[in-house]
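Encoded as structure tokens, the following chain is the form predicted on its own, with no partner shown.
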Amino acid sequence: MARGVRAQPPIKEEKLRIGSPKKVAAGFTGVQKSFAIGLSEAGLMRTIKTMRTVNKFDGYDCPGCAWPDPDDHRSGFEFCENGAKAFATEATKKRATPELIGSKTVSQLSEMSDMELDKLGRITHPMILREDSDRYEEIDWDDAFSIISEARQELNDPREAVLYTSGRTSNEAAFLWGTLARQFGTNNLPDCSNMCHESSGHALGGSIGIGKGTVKLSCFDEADLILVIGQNPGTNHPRMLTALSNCKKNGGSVISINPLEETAMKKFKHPQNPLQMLGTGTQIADEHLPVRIGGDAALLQGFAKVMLERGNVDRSFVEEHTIGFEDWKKHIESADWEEIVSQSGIGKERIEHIGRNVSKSKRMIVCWAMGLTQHKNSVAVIQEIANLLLAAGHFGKPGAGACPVRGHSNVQGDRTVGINHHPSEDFLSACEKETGIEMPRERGYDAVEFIQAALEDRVRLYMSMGGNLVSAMSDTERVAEAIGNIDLSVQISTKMNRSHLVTGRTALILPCLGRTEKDPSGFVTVENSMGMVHSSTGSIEPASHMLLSEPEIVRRIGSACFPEGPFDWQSLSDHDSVRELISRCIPGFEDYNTRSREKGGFYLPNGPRDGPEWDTTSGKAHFFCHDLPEREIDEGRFVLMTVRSHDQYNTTIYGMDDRYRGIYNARRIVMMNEVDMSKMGVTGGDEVDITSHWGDREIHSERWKVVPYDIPRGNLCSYFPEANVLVPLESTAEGSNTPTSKWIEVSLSPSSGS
């Protein structure tokens, strides 16, 4: 690669220790870990201040996951262990100064692991990597903006510009980012949603007319049944465990469906409940179904067969609110039980048993995450969920509905305010009227299409608002090759990551304020997983006097690129002025400035939840029929999926331990069924090479340590982002184009050790 930079860190010797998976999540250990990382990163006083203000009505929104806060109250410590890691590392006292970063070449920096890069600390000044240099150096803000303006002027076509967005970005910054892209003349606005819940939005939009969940946090108190599918709340959304335990306390039931039985779905000790901390904890899942990777569609069709056989259909709801039921009914009745059992890996009696519980539920919530959204048939699987919910009338009433659990804290809000590569005509027309900018109508690139275009030298300017696309995307080496073809890459960031090293020919780093820090322009707003928009106000002093807020950075890029208008970027003097503009462009944000100052914020309209009403072409919800996918793989091969460890958040690695799964001191591991291990002749700790297969293409990756684990036969599991290199760029979900990180056909061989 250019400048000798590595897209992946070198493979280092890891002293793997294999223990037993934990039986209880959170508890005293979770509390201890939360405080320990704060003290080590931020010190005592900053730790106390960030802990006391996170997720409070007048505090800042946790930069971790998008799980909502209670509507009407906040507890003394409204955060989880992984949230503590997120805000502690943002509030760190360590500083990545130009002197520190410039003391090494980018090639030398790329020898560091992703965890080591993050631990360099907060970026303090704008920096540039010039085309004829291999070291970053400090640059003045105005000079950086001039370079961006010059790059825009040199474009042969507006489509040569791409503006990527991370889910950390506030509503205000995201709206301006989309406006900036469209003033460039493009809808090339790929974002992290393209790699996670794009399948959910696509599926639900077709089924129920809105690409979001349809429940509130209070619904978990009222549900009589919650299905948690393809999700690990204990690591990815730990505060969700409180909601699940409340369901249990109120007499409801929770069913876990996942190839791995995760610790948090067994038992949970609430860190703020002294009796639970001293006792044995709350059992979360009443039953666990170890479905085979990719077998969820079959399992859901099995539940539907039971529902139809038992006659547990809400006929009045179906007739009033839906179309396509009879076709779906015939399709499900014709589904073959043998195929359902074979694909799901769950016996018919067990499916019928859980199916009866599903059938008799009066208030059911179905939750899901990446375990469903990153398959070739992800859109179809999620529409199977919608079919089940529609057939039993689980919309428009408390305690029931669809709950796609979003990852990053404002990934849903970004999409709501316009980070969309295929925006609606209504949205574009409203923005055009209010800004005077002629909005492009041509569909833009999603994340996969962006990389494909860059590989073909069709992208010259790439700007990223947060995120770490190089590590987060599939097919790591091809992504790096693509980025290297670009003339100028720009990263708006708080901390160093691999995307600052794998760059265009010239690269800029523009440092921004974090969520925890005071912003002279006022508070910003975010939207959580359940459609609540609320304020976020930082309280600690910024890491550097040179930092700008994200909205201010976008405003100044816009001013530099378009000094003659027609939109007056200089008029956006503070965040209130941005919210006023949003309120005139997007329905649901009326009186935005007033309502965002209300205690807890406000809910956006949601037809299926509030009515039910359906924003579809027919005005009704739709049943969809899908055949089960072909699931045959070549003899001797496995299906690999990627997951997070407990000591990471997205691509940010906090440590080397996955204590809930009993895996310590290593990340380059592959979890494997012990019967498969015996058949292959390997034992725990042995190293294997992994090769993924996509048509005639093979991707080879060396030295993965085998970990015996309770996972269905023929299935394997490895950590993201290390295993992303094995996901072929072309392997994406039908309809959503999301990388298939949960279905990778692979073969194993004894490690070459090279």
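Everything numeric here is computed off the predicted structure, so don't read it as measured data. All residue numbers are counted from 1 along the displayed sequence.
Same protein, other form: the form predicted in complex with a small molecule, not shown, and the subject of what follows.
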Looking at the partner-bound form in the predicted complex, is residue 374 within 4.5 Å of the small molecule by any heavy atom? yes
With the cut-off set at 4.5 Å between non-hydrogen atoms, does residue 229 touch the small molecule in the predicted complex? yes
is_contact(residue 649, the small molecule) in the predicted complex, heavy atom dist at most 4.5 Å: yes
In the predicted complex, residue 732 touching the small molecule (heavy atom, 4.5 Å): no
Does the trio 494, 514 and 642 actually contact the small molecule in the predicted complex, every residue with a heavy atom within 4.5 Å? yes
Looking at 140-148, 214-222, 385-393, 486-494, which stretch has residues with any non-hydrogen atom within 4.5 Å of the small molecule in the predicted complex? 486-494
Which pick from 190, 608, 466, 126 sits with a heavy atom within 4.5 Å of the small molecule in the predicted complex? 466
As a check of understanding, the residue in 262, 552, 160, 658 with any heavy atom within 4.5 Å of the small molecule in the predicted complex should be identified as 262
